[in-house]
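Next comes just one chain, in structure tokens: the form predicted alone.
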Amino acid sequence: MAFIDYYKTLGIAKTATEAEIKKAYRKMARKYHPDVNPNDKASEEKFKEVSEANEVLSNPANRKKYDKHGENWKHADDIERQQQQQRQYAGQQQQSRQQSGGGYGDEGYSDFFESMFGGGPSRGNRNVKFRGQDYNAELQLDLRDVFITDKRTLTVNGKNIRLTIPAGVKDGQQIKIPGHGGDGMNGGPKGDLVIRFSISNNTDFKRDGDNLYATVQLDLYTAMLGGDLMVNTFDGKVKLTVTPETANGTKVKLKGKGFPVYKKDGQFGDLYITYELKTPTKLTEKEKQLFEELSKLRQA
């Protein structure tokens, strides 16, 4: 896979701050998002590059590795571990030669590195296998899309991947598809495809974990006298019985009417309803008189 300069991808300098990286990513993501450019393969690929660049540069640890090792940043830990081993081995060889009266001349030093990196006749040729780079992608969904288990087909590097999205997936959650990342080095295994879910909420419900929260308006008369009220849940309507003299801000819990619990079939969170008292307006003269009578009764 050709080397991609993540800084150029986002159009920022190598000295960019975290805030500048975030701002650049949002700008580029809006420009190349598949929803804005339907059936545009070039924009789709560009969006993937932008998302991948952001995943690396927005993570301080990964950014440090990328700045130091470039295209091999994913193998940074392996490379640095190998270099440490090389230094230790070289030190041991030098100490051994000094103790035996020999030196560690240029020829011996060169032979050591040839053996470590596989160049020329060796005393133990070592070809270190490196795992392939992980690919990162973002999948944007609406909250209603993850209320039930669904299947999607993603196209990654020209290959279609059938993906099952379990109900209850959370915003920002990641799943890993093994073996669908970059090719390994020296016969190493392929990397993985890491998909991050970005879930927007265009409903009247607020989600917190597996629980849902909603506000329902309650008219004054039902609040005072009690009665039945139809309210919306995420997947239909239910009838609630309002007790007389219900106060503004009263909360009721509807057990099991929340969001599905991730990977636990048949389990749901709860729905919490908060009553918001609706004050009547545009009163008729008769209504005003009745309220005045009620006021006098309360003051008596």
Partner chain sequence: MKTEELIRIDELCVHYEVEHTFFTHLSEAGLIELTIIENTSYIHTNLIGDVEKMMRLHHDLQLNMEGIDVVFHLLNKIDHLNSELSAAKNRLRLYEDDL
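If you're wondering where the values come from, they're calculated on a predicted model, not measured in any experiment. Residue numbers count along the first chain shown, from 1. Definition used throughout: the rigid core is the maximal C-alpha set that superposes within 1.5 Å between two forms.
A second form of this protein, the form predicted in complex with the partner chain, is not displayed here; the remarks below concern that form.
Listed stretches are 264 to 272, 27 to 35, 60 to 68, 244 to 252; the contact stretch with the partner chain in the predicted complex is 27 to 35, by a heavy atom cutoff of 4.5 Å.
Relative to the superposed core, residue 22 undergoes a C-alpha shift of no less than 2 Å between this form and the one not shown.
Once the cores line up, the CA of residue 47 ends up 2 angstroms or more apart between this form and the one not shown.
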